[in-house]
Every structure is written in structure tokens, then in C-alpha cells.
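Following this are structure 1 and structure 2, which are two forms of one protein chain, each written alone as C-alpha cells.
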Structure 1
Amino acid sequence: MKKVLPSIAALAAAAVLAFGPATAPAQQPPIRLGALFCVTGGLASLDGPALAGAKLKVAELNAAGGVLGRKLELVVLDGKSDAATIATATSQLIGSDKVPMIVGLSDSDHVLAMGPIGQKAGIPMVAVGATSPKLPAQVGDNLFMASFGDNVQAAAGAEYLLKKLGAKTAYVLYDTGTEYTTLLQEYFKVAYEKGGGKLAGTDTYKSGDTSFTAQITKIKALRPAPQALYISAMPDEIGVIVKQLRQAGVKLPVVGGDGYDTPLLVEVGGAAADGVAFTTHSYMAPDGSAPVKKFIAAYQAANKAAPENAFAALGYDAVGMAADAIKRAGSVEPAKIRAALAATSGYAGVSGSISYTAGNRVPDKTVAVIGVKAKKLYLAAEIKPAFVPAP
């Protein structure tokens, strides 16, 4: 015992010397951010890049000294694209990991599984990629969205058709298999008719279909022929649809939403994807704006691959917005973070400037319209729609 005591004292002295007053702030525990992403299962192609973006932002913030003098730490859980797992994981993040806020998820169903639990516990949440504008009203005042609502991108699509392409009649084809594709085309129809466009008709298919011959035959038989097609589709189908359309000789312009925003459109569609345009969060290409270029370079360095889609930027921005709110709140108390998040104004993200105005928890954002020409993407327009359908 006598031998032990002095050595403990010596250790303590050494510890004081090593981690003395000079590094005191670094000794504070890191700020733990809950990160709930479905990195396995059906939503992995969206949530995977979103998580990679979120991690990149955390690394950058920490390299720059952290937030409130403390490092940030992501507490990552996999939601497995399953509602019951997401509910359990949410409760775990809040109850066991004691995170003051949660970022994550790209699917509206998944956000509805997470939302009520965080809302009940008073933990603010930022939904990264879910685009249903009804979510904040469905969940409550602790849910914020990092992306625009489907009503905004549908309105931008309608405006692009009417003003840029001068297409006054459009035919709608949509996937009845998902909430997103169903809502998107509903908003589109409202915005398009409000803007003076005329709907030539509507047809449907279901996720997983592989032949669209019946729908295409109907489109070819339309008299008078519509001037454009609005197709509300998921990533897996849109490439196949445009390919079959062009093979059948339908050369009409095709417009849709951010479901097109994966490499699949050009990979599957090939040359047939010419004349396709879609609304999305950000133009993620090396010839984009300066912040986008910087983001792409950093993402490339961290992941050895270019950003797969705009969800990478959304994950990056969601963490940035969260850190910004914590900084302004000056505290990691959930209620204060919530208040600071609600007051977010002009946060300059890679996916656009984010503001929550007039108690709205869906940000006002500019929509990027991206076109395809000779298998290459280009920025066709940036639209802040004048008329937006009610959520």
C-alpha cells in the first residue's frame, strides 16, 4: 500500500501536467448528435450517401475547433429500412445515448416512425431527405426538414414546363406504389393547372413493373398529342421508362422529381435519357457553384467516390444546420436547440440557403432543375416557384 500511494500521486501529477489548464476545453465531453440512417435495406441508396455527408460535416466542424469549444460526435444507428427498428433505435438514442437532437432518414414513412417518439420526449429532429411537406404538421413542433417539400418541387417542375419549355399540355404518369410519387403528381397537377397548363390525362404503374408498353401505347394514341410528359417515378423505374418510351418513338420531353436523382437514370436510360429534366435539391457536378465544388472535392477525398446524389449534400447540410443551431443556442438543451433551429435564417448550405419563415418547418429553398443531354447532366434552371400548392 505504501508503495502504491506515491505512484498514484505521481500519476495524478503527470496527468495534471499533461492535460493541464491549457487543454481544459478539449477535456469537455463531446456533443453527441443522434444520427439515424437506414444504411441497410431499401432506402440504403439514399441514406448511405446522406450519412457519409453528415460524417464529412462533423469531421470538418471538429477540424475547425468543434462547436461551443466541444467536439461533435455522431451516434450512428441503422434503422434497417424498417419502421419497428426505427422506433426502437429512436427511443434508444434518446433514452440511453441521451442525445439532445437527432438528424436522419430520407423516407416519409420512416420519419413518421421516428417523429412521435422524439416529439414526446421534446427532442428536436431534422429529417434529412424526406420531402412530404405534411410531415411537420403530422409530427409536431420538434420536426424540421432539411429539404424542400414535394409541393415546392412539383410547382417548380410545372413552372419549368410552362415557362422554359412552353409546354401547355402535359400527360401525367405516376407510380402508385409509394407515398412520394403519389403526392408529387397531385401537387404537380394543382400547380400546372393553376399556371395555365392543360392536363391531357393520367396513367399509373406500380414500383417493380418492368414493362410499360401498355402505358406507352396509350400515350402514342393521344390526339392531340401532349407537349410533354410529367412522370412521377422512383429511381429503379425511370431509366427503364425513358428507354422504352424512346424505343417506341416518343420523343416528348420528360420531367419529374428528385426520385430521378441517382446515377441510374443515365446508366439505364443511356442515350434515351436525352430530353429528360428533373427537379432536385442541388446540382452536384464539378461545374457547379463554388460551395458545391468544395463539397464534392472534400467528399471525394473522404469517401474515395464522388457524391452519389444530392442526399449526400442534404446530410451534410442537416448536420451543419444542427451545429449552427447549437452554436446560436449556446447550449445543448433540447428546448433551446429547438428554438434556435426554428429561428434558422439564411443558413448557407450546399443544397441551397435554408430559412424557416413564419413558423414553417419546411425550408424555403430554391429548386434546381437538371437536364440530360448526351448522357451528361446540366443545370437547366433554378426556380423558386411563384405559386406553391398547399401541403
Structure 2
Amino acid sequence: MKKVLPSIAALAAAAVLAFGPATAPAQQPPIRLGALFCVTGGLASLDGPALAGAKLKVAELNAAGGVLGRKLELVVLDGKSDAATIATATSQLIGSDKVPMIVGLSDSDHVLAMGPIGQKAGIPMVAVGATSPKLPAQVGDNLFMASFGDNVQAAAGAEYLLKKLGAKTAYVLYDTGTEYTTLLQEYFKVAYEKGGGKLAGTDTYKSGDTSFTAQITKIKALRPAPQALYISAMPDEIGVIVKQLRQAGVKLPVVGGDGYDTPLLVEVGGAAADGVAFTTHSYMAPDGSAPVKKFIAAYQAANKAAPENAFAALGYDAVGMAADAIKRAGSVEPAKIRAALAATSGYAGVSGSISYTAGNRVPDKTVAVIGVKAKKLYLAAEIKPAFVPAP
């Protein structure tokens, strides 16, 4: 009788019975990053682009293999431009979602609502666009900033007025309703007078105001007239203010901070925005730096629109810094990530190089000054101020 050899199929079936079915290696769960942004409410024009930038960076990192062999995942919550909502969302990210770190927020008051909760829980946080240089000391050693401080951008604004515009006298108008606008004008006054400028006076308004007739009447009555205005404002008001100034016949140059850096300045102000300049984090235009050009192309492809402002780049950089720290830490343990963040040196961001020194968690960065002409933005100057007021 002829001997029959077992078939390959039979041998395979026997192997399955003996050893069980073959299985692919289990995929590790993603590394989850808390992403707290105010995509609705008054800060949406800053935080919306910042979140889009953050998502773009996550997509790029994941396409390149992720971090520590794992994908990244943003756990996104909307702070709704409200301090109480931000506090609740922070607690949810830490308590329920168990994230090892949080990135987000572009307003100093909002970071102050998030910060103490994260600090108490030992969770490292990267504030995307908040600019108060006091924040790290106010919150604690788990808070890091991706942006320069208001003392730096205020000093750059003062230097621009004095050296570029030759404005030796300036009048200050500011919003009393936020930490950002209050601190910015204080730092500006110190830097402007230190540089030899003379203050012609100061006036105030409150977030949410819609008529600035009283303030403009005082400006028009000044004798001699100041050579420029420094207005410390949030995104929702600055377009309205410059429009009312021009309608009242005030043609003085207007300079302010990165609160102007949204489409609202030109959309609301229109032709009245001509002659306005503001300090911000990067010049986001096709004729910008090589990293900016590359970022704009990627952002355009992902969002079907160009970056609205420099906060898009800050969101992108904040996630990049977080991923870089996790990689260097070789861990997702919050304490190890925090230590790696503190050791960040020369991280090449779209918004500039980011480094932290011992005891200082605010990066030292160059300031871009953006001007408006014929309703278009242009790079008016890039300044690293010679004098910076203490925080």
C-alpha cells in the first residue's frame, strides 16, 4: 500500500491545535495629551487657530511613527473663554481622562484658571499663547510657556515707536478687564520712558465696551498732541476702537500687542486699520522664514485655509515641545516629562527657538512687529529689545 504524506493544510491545522492561532503583536495604546482650547467665546480667534496647529503637529508626528513607538492623541476640551469652564475641563482631563500633560490656552487669566489644578496634581502644562511673564511663578514649577513674555513684547513695541517711528510722545489706552492688557501697558510705560519717551497721559475702558467716544474726545483735546497711541486691547475691541478713532479724525499711529493678531483687526477695522502695528510671535506670510513657509503649506493642505495668525504656529510648537520632552524622557510619567521640559534647549519651533534656563520657564524669543497697509499685513520689524522690564 502506498504511503500518503500529510498535506500542508493538515500540518497547519495540527499546528493551530498544538500552539493556538498566530496573533499579531498587540498595538500599544496612544499617548493622550490634554488639549484645552477656547474654540468658542471671546478667545476663539486665538485658540481656534492654535488648536488647528496642534492637530497638524499630531498628524505629522503620527505619520512619522509617533513617539516612543506609540501614536499621539489629543483629548480636546473647549474652555468656552470662561474661567469656571476651564477649571472644570482641567479637572476632567486630569481626573477622568488621565492625561500626563496638558497644552493649550492663549490668555493669561485662563491659564490662571487651569494652572493651580494642574500644579496640585503634578501635571506639566505648556501654555500656548498666554504671555504674562508672571505666570510660571504664580502657578508653580509645572507650568511652561511657549511664547515670550508681555514685558518683552511691550519693550519691543516701545522700541519700535521710538526708533522706527520716531515717536517721542505717546498716549496709552488700555482695557482694565484682563490681566494681559493691564500688564502689557504697565511694561510698555516702563520701557518707553526708559528709552527716552514721554507719556502724554493714560485712559482706560472695559472689555465689552462698544463706544469709545469719551476716550477719543480726551485724545483729541490733548495739547500738544501725542505722536502716537499705544492701545493695549483684546481681539474683540481693537477693530472697533481704530474705526472710531479714524471716524473722529484721529490719524495717529496705533501700536499694541499680540491681542491684535487675529483677522478681526482688518475685518472690523477695515481701511481704518491702516497705520496700526502690533507685536506678535511670528510673521505668518508666504514671504516669511523657511520654517514659516513650510508650516503655511502644511496648514493650508490640512485646513483648506492659510494660518489665521501666529497662534496657529504656537499651537503647533507647543505639541512639538511636548512630544520632544516625552521622547527625551523615555516615559509618559508626568514627573519625568516635566524634568525633560525644563531641560528644553534650542527646540526649533516655527515661532522661534525655545529654550528654558534654570528657574526660568519663559523662552527668550525675538518679537515680530506687523504693520497694516491697504488692509494687508506686512513685516514692519523684528526686534530683540535692548531693555526688558522685570516681570
Partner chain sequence: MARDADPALHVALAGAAMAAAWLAPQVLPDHVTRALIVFALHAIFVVSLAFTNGLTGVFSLGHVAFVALGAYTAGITALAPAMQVAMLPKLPAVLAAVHLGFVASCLAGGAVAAVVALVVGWPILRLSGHYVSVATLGLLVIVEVTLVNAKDITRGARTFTNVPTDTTLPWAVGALVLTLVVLGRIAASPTGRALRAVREDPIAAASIGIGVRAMRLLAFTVAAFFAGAGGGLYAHYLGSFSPATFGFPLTFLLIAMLVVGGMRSLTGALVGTALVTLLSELLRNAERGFAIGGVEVPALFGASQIVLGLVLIAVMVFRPSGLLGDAELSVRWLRPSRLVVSRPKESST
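Being a predicted model, the structure only gives us computed values, none of them experimental. For numbering, take structure 1's sequence and count from 1. In this text, rigid core is short for the largest set of C-alphas that superpose within 1.5 Å between two forms.
*Asks:* Which of these two, 1 or 2, is the form predicted in complex with its partner chain?
*Replies:* It is the first structure (the form predicted in complex with its partner chain) rather than the second.
*Asks:* Could you check, with the core superposed, whether the Cα atom of residue 303 shifts 2 Å or more between structures 1 and 2?
*Replies:* Residue 303 C-alpha, core-superposed: shift of less than 2 Å.
*Asks:* After fitting the rigid core, is the C-alpha of residue 202 off by 2 Å or more between structures 1 and 2?
*Replies:* The answer is yes; the displacement is at least 2 Å.
*Asks:* For a quick test of reading the superposition: does residue 267 move by 2 Å or more at the CA between structures 1 and 2, rigid core aligned?
*Replies:* Shift at residue 267: 2 Å or more after core fit.
*Asks:* State the core-superposed CA shift for residue 248 between structures 1 and 2, in Å to one decimal.
*Replies:* Residue 248 C-alpha displacement between structures 1 and 2, core-aligned: 5.0 Å.
*Asks:* To one decimal place, what C-alpha displacement in Å is found for residue 372 between structures 1 and 2 with the rigid core superposed?
*Replies:* Spelling it out: core superposed, C-alpha of residue 372 shifted, distance 2.6 Å.
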